[in-house]
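Consider the single chain below, provided in C-alpha cells and representing the form predicted alone.
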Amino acid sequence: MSAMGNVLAAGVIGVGYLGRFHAQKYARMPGVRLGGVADLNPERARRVAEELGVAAVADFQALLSEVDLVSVVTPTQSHAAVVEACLLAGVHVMVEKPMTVTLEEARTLIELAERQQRVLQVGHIKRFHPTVRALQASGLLGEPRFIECHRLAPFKNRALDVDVVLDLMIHDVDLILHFVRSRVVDVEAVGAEVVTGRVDIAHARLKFANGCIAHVAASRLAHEARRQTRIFQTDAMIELDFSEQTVMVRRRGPGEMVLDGVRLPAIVESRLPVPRNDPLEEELRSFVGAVRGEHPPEVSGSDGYAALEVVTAIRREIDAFTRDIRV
C-alpha cells in the first residue's frame, strides 16, 4: 500500500490499447502515484512500464501488495477472477465494462466489495462524455417517453472476445437506464453474426415500467462511425451526437410557424454549450475521489450489474432469434 501520506498508489492490470491510456492518466494525476503495471504479455508490459518509469510484472498478484487501487483492463472473460483477487487483497477496483460475463459473477463481486469495504466502479465511460455531462448540467432531462440510440462503428481488431452487444450496445443500455430510472419489463432483440463468429449487428427494443420505449442499434461493421442518441419528451426532443460532441434541443416556443400552408406551434432549436473534457481522465479522477471517500462511485457495481442484466436479456433474445432462423 502507499506509504506517501495522502498519495494513492495505482496499478493497471492489462496494458493493451486501452490499459495503456489508464496507466498514462494515473501517472500524470495529482495525488496519485503509478505503482506498476501488469500484463500477461511481458513485452507489452515492459514497453508501457519503460514509457512511464514504473515496474512491470507478468503476474498481477505481485502488484497487489504495492497499490491502493487498480484498473482492470483485461479481456472480459478474466474480469471475475482478477477483480475477486484484487478485492480479497484489499485493493479498490475500477473494472472496464462489461464488469463480468455472467450475472452470477457480477453479484459475487458486488457482495465481496461490500464485505471488504472497497470501492468497485465499472467503466461505463459514456457517463463522463461531454455531451452527457452537458445534458445533465442543463436540467432539461425530464421523463423520456422514447429513446433512439445508434452506435455504429467500422470494424476494428479489438474487443473481439465479446459480441457487439457487450462491446458497443452496452454503452447505450447503461445510458438509457441512467436517463429513464425505471425498470425494464420487456425486451425484444434481433442480431446477426457476419464476420467474427459472434453477433456483429444487433437491434433491441426495451420497454420500461413507466411506459418509456427505447430502441437501440449497434454494429461493428458500419462504413462510417455514427454515435447518436435522441431523447423524446413531452416538452422537447434532445439529440446527443457523441462523435461531434454536440447537444441539440428542439422544443415548442412562443408563436406559430407555417409549414406547407399549415399553421403550427413554433419550434425553437438551440444548442447546449458542451465544454470539452477527457472522459477517461474524468472517469479515473472520479474513481480516485470515491476511493478517498469524497463521494460514492458514479458508476457502481450495482449500475454495472443493471446494464449487464439488460444486455444478458438482449443476448438471450438474439440467441432465440438465431435458433429460429436456423430451424
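Sequential numbering from 1, following the sequence displayed. These numbers come from a predicted model, not from an experiment.
Although not depicted, the form predicted in complex with a small molecule is the subject of the following passage.
Undergrad: Could you work out which of V268, A55, L40, A62 is the residue within 4.5 angstroms of the small molecule in the predicted complex, going by heavy atoms?
TA: None of the other options qualify; the answer is L40.
Undergrad: Within 4.5 Å of the small molecule in the predicted complex, do we find a heavy atom from each of G19, R44 and P98?
TA: Yes, the whole trio is in contact, each within 4.5 Å by some heavy atom.
Undergrad: Any chance G11 has a heavy atom within 4.5 Å of the small molecule in the predicted complex?
TA: No.
Undergrad: Quick one: is T74 in contact with the small molecule in the predicted complex, heavy atoms, 4.5 Å cut-off?
TA: Taking the distances in the predicted complex, the answer for T74 is yes, it comes within 4.5 Å of the small molecule.
Undergrad: Indicate whether the small molecule has at least one heavy atom within 4.5 Å of a heavy atom of I314 in the predicted complex.
TA: No, I314 stays farther than 4.5 Å from the small molecule in the predicted complex.
Undergrad: Consider Q233 of the chain shown here, and say whether it contacts the small molecule in the predicted complex, taking contact as heavy atoms within 4.5 Å.
TA: Flag for Q233 set to no.
Undergrad: Residues in which of 181-189, 222-230, 89-97, 127-135 have heavy atoms within 4.5 Å of the small molecule in the predicted complex?
TA: It is 89-97 that comes within 4.5 Å of the partner.
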